[in-house]
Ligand SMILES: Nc1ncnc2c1ncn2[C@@H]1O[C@H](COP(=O)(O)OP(=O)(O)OP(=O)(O)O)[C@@H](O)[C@H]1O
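Heads up, the chain below is alone and in the form predicted alone; it's given as structure tokens.
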């Protein structure tokens, strides 16, 4: 299990040890895997471990963010295209499927695929054959497909938002990544690893968590899971000059949610407005980051109208990124 550290799969809790045992088992067989779990739980890390522990480990691991796939160029990006297949197609490309030949194609955020994309993927999964855009020859490729999602694909299938026949093709084997709040002392273990890596990265003396910092790690819900925790420790490491860190540099207002600056409770209406604004800002920041600043992809991730999400993004200072995505 020590090899798991190479893939940043760190933790000794019973829940996470079961995950690591499952990864080893999944790597021994060559079938599609569906990885589920909240954002930030390490689904791509698990997919990489499954690939590199498998017999395909010497071949490519090709990760794909489905939310960022442009609808108009979907088949070209997945299956490649021939030279001259469309405007600006000056050279032929192998596509993501071709790049993953012999290895693993990892489709992240598979729950964001449009109906057209789902149909194209299903057709490919049936016999692993495809045609490049603008090409007439049928190609066959040997690869493994691993997918991940934050949403409930079964519920989406019941709501006619995801093809059930595609779900059957993808959910042959499954792995669930538990949220950090259900992993016991893993947060403390992760914090120590992160601090050691940061000290090496910045060539600075290693710091440690204070008793108050450790208590915070144990009590916080970590809605953004390991990704949120790593980002907070990174900021605390750089912004706090003390040898012992307690998150005071990163979260000065955390305990003040719903309170006035003098410590007295604010009225319900004001506290509610503030809480909603804080949630919206964090949510928009997370979604825009996952979509790499692409508004269309972000709206698809949020499952909301592009125009409405654009207004929300502008409200919280993403005007420049939104304009870039729209231009």
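Note that this is a predicted model, so its numbers are computed, not measured. Numbering follows the first chain given and starts at 1. For clarity, a rigid core is taken as the largest C-alpha set superposing within 1.5 Å between two forms.
Although not depicted, the form predicted in complex with the ligand is the subject of the following passage.
Student: Give a yes or no for residue 40: in the model of the complex, does one of its heavy atoms lie within 4.5 Å of a heavy atom belonging to the ligand?
Tutor: Contact with the ligand, yes.
Student: Using a 4.5 angstroms cut-off on non-hydrogen atoms, would residue 9 count as touching the ligand in the model of the complex?
Tutor: Yes, residue 9 is a contact residue.
Student: So in the model of the complex, is the ligand close enough to residue 227 to count as touching (4.5 Å, heavy atoms)?
Tutor: Within the cut-off, so yes.
Student: Is there any non-hydrogen atom of residue 195 lying within 4.5 Å of the ligand in the model of the complex?
Tutor: Judged by the heavy-atom cut-off of 4.5 Å, residue 195 is well away from the ligand in the model of the complex.
Student: Identify whether the ligand in the model of the complex is within 4.5 Å of every residue in the set 49, 152 and 171, based on non-hydrogen atoms.
Tutor: No, the whole trio is out of contact, none within 4.5 Å by any heavy atom.
Student: Between 27, 34, 45, 68, only one gets a heavy atom within 4.5 angstroms of the ligand in the model of the complex; which residue is that?
Tutor: It is 45 that has a heavy atom within 4.5 Å of the partner.
Student: Which residue among 77, 108, 82, 246 has a heavy atom within 4.5 angstroms of the ligand in the model of the complex?
Tutor: It is 108 that has a heavy atom within 4.5 Å of the partner.
Student: In the model of the complex, which of the stretches 186-194, 237-245, 212-220, 111-119 has residues with heavy atoms within 4.5 Å of the ligand?
Tutor: Flagged stretch: 186-194.
Student: Align on the rigid core first; then say whether the Cα of residue 306 has moved by at least 2 Å between this form and the one not shown.
Tutor: The answer is yes, as the C-alpha of residue 306 shifts between this form and the one not shown by 2 Å or more after core alignment.
Student: Compare the CA separation of residue 294 and residue 99 in the model of the complex with the one in the displayed structure, and answer closer or farther (the difference is at least 3 Å).
Tutor: Residues separate in the model of the complex, at least 3 Å farther apart.
Student: Quick one: residue 292 and residue 64 C-alpha atoms, closer or farther in the model of the complex compared with this form (3 angstroms or more)?
Tutor: It is farther: the C-alpha separation of residue 292 and residue 64 rises by at least 3 Å in the model of the complex.
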